[in-house]
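Heads up, the chain below is alone and in the form predicted alone; it's given as structure tokens.
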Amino acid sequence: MARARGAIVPLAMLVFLVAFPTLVGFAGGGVTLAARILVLGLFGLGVDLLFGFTGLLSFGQAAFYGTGGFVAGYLLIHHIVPSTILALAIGMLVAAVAGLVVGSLALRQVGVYFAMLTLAFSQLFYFLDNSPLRELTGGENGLPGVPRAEVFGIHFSSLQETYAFIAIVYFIGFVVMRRIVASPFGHVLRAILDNPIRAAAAGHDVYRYKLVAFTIAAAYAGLAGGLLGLFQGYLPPDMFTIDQSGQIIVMEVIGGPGTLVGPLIGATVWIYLSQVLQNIGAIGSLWKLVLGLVFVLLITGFRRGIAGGVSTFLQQWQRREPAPVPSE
């Protein structure tokens, strides 16, 4: 029975991913918008592990997003590796190693000092992309010419096929992340989130657990970066920017930290509103202001994000006792 209940969420996610382009189409979007949302949703899964389950606010995740993307893209553009999966795996691995190195240094600090260190490392990666490594990364021009995905001889050439590939990778990433947070490792992360001192007193190496979570989040960011290149055929230099790190945190907060579906919800709201507001003539030039106001309203109306707010409402509704029957 428990196993059947545990399979409901992945099955529901699978159905949703199949129907997602159609749903977005009804709202005035399309396959391109749906694919972009899934890429950022995958990126956000790692951020959710950090912020929602461990309590670590990192402003440097764009560094790993760009690293994984540019490594995978470079390998495919120059035919260094023949396999799309292998290129994505290498980009993901390089991003994870970068996360391990950055995390081993940044996690020696706590609170705002940790956040500022991740911000500093993000700026460092942005500088490396635009100066010393510009011959490899293209600098401010980015890296064009990333080929479409090809797996076991199957070419994902059209937008619909590319979306299908991204959806498959996202689904696998979602299922794996669910297993991570439901494992004993995930339970320790929750304990660290609630009270790191108590978790350390219970014998857990808090620093090591945080470092593993930071590395996993970097790997997810790197994989998402690689998918962005396959989808767009181009890797933009703004993948490394502070703005990119800030936006993924905003999406996380809007959707709901610690829910796993929150990043996808937040990415949907943020990207859809960004595109829709820009196309409205009366407020097109003020779209960022309006989007900021919408963000404020969502945060004040849903203190745990949209997914967290809905979850809280359903839990409270289930706990409501039936009204007593009046006696005659």
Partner chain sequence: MHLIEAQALNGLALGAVLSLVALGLTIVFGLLGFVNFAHGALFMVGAYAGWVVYSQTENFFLAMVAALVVTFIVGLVIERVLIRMYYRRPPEDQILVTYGLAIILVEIVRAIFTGVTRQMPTPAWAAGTVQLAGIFYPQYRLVLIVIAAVTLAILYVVLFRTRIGLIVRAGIDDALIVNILGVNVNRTFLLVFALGAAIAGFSGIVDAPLLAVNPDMGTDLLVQSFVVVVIGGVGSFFGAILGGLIAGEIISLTTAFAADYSSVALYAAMALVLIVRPQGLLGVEGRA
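Numbering follows the first chain given and starts at 1. Predicted model only: the values in this text are computed from it and were never measured.
Form predicted in complex with its partner chain: not shown, discussed below.
The stretch that touches its partner chain in the predicted complex, counting heavy atoms within 4.5 Å, is 298-306, out of 66-74, 258-266, 298-306, 41-49. Remark: R134 counts among the residues lining its partner chain in the predicted complex, judged by a heavy atom distance of 4.5 Å or less. Not displayed here, its partner chain is approached by A120 to within 4.5 Å at the level of heavy atoms in the predicted complex.
Under a 4.5 angstroms non-hydrogen atom cutoff, its partner chain in the predicted complex lacks R208 among its neighbouring residues. In the predicted complex, at least one heavy atom of L57 sits within 4.5 Å of its partner chain. Contact with its partner chain in the predicted complex, defined as a heavy atom within 4.5 Å, holds for exactly one of L124, I80, L86, I197, namely L124. Residues L105, R108, Q109, G111, V112, Y113, A115, M116, L117 are the ones in 88-117 with at least one heavy atom within 4.5 Å of its partner chain in the predicted complex, listed in sequence order. Three angstroms is the minimum change: in the predicted complex, the CA atoms of L298 and G29 sit farther apart than in this structure, by 3 Å or more. The distance between the CA atoms of G29 and G301 is at least 3 Å longer in the predicted complex than in the form shown here.
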